[in-house]
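So this first bit is one chain, no partners, the form predicted alone, shown in structure tokens.
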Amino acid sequence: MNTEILEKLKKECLNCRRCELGITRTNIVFSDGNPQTAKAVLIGEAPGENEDKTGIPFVGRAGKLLNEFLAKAGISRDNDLYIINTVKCRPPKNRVPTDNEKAACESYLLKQIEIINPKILIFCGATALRSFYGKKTAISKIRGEVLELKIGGEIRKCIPIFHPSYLLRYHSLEEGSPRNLMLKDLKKIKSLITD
């Protein structure tokens, strides 16, 4: 049932021209993961060049790093997650999507969340966090915290995590390092989705 509704929504996205990104894209980047078994929805920023070419979120260097961390935390990308972005089309030169672009995609995003009805939403990076969290706060201050936010008319558990592109700059796994914190946050998410 979920799959049919999502396919219908994807067809709408394919024809979408609500903003300029619909004109410049190669592919829409609708989602990845299993809508039938996903316990969490991971929301990224926006498709990059590799994602625009393939139509799949998180497939470049940052995506490979995300996959490594998910595996270390015991989270299955294929079964535990449904992955989407704040916008479905790549912003030119990988810039951050504008508020208007995010607003144009918001109904698709909220519908996907409603259909999946996850135990938790994961805000992957500052852009995803700012799209839903009204307070101006650095992600480094609240990453790993479980927030309860009203999204699409429902109170949902949400947890912000670093974006894997941020981790590409840091290689240490020492206590308190960004990579160490990311692994801790993902292990926390694993425990929340398996309870």
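When you see a residue number, it is the position in the sequence shown, counting from 1. Predicted model, so just to flag it, every value in this text is computed and none were measured.
This next part talks about the form predicted together with uracil, which is not shown.
Uracil is not drawn, but in the model of the complex it has a heavy atom within 4.5 Å of H163. A residue is said to contact a partner when one of its heavy atoms sits within 4.5 Å of a partner heavy atom; I28 fails this definition for uracil in the model of the complex, lying far away. In the model of the complex, N85 approaches uracil with a heavy atom inside 4.5 Å. Contact annotation: L129 falls outside 4.5 Å of uracil in the model of the complex, judged by heavy atom distances. Of the candidate stretches 30 to 38, 49 to 57, 129 to 137, 142 to 150, only 49 to 57 has residues whose heavy atoms lie within 4.5 Å of uracil in the model of the complex.
Residues from 20 to 46 that approach uracil in the model of the complex with a non-hydrogen atom closer than or equal to 4.5 Å are G44, E45, A46, in the order they occur in the chain.
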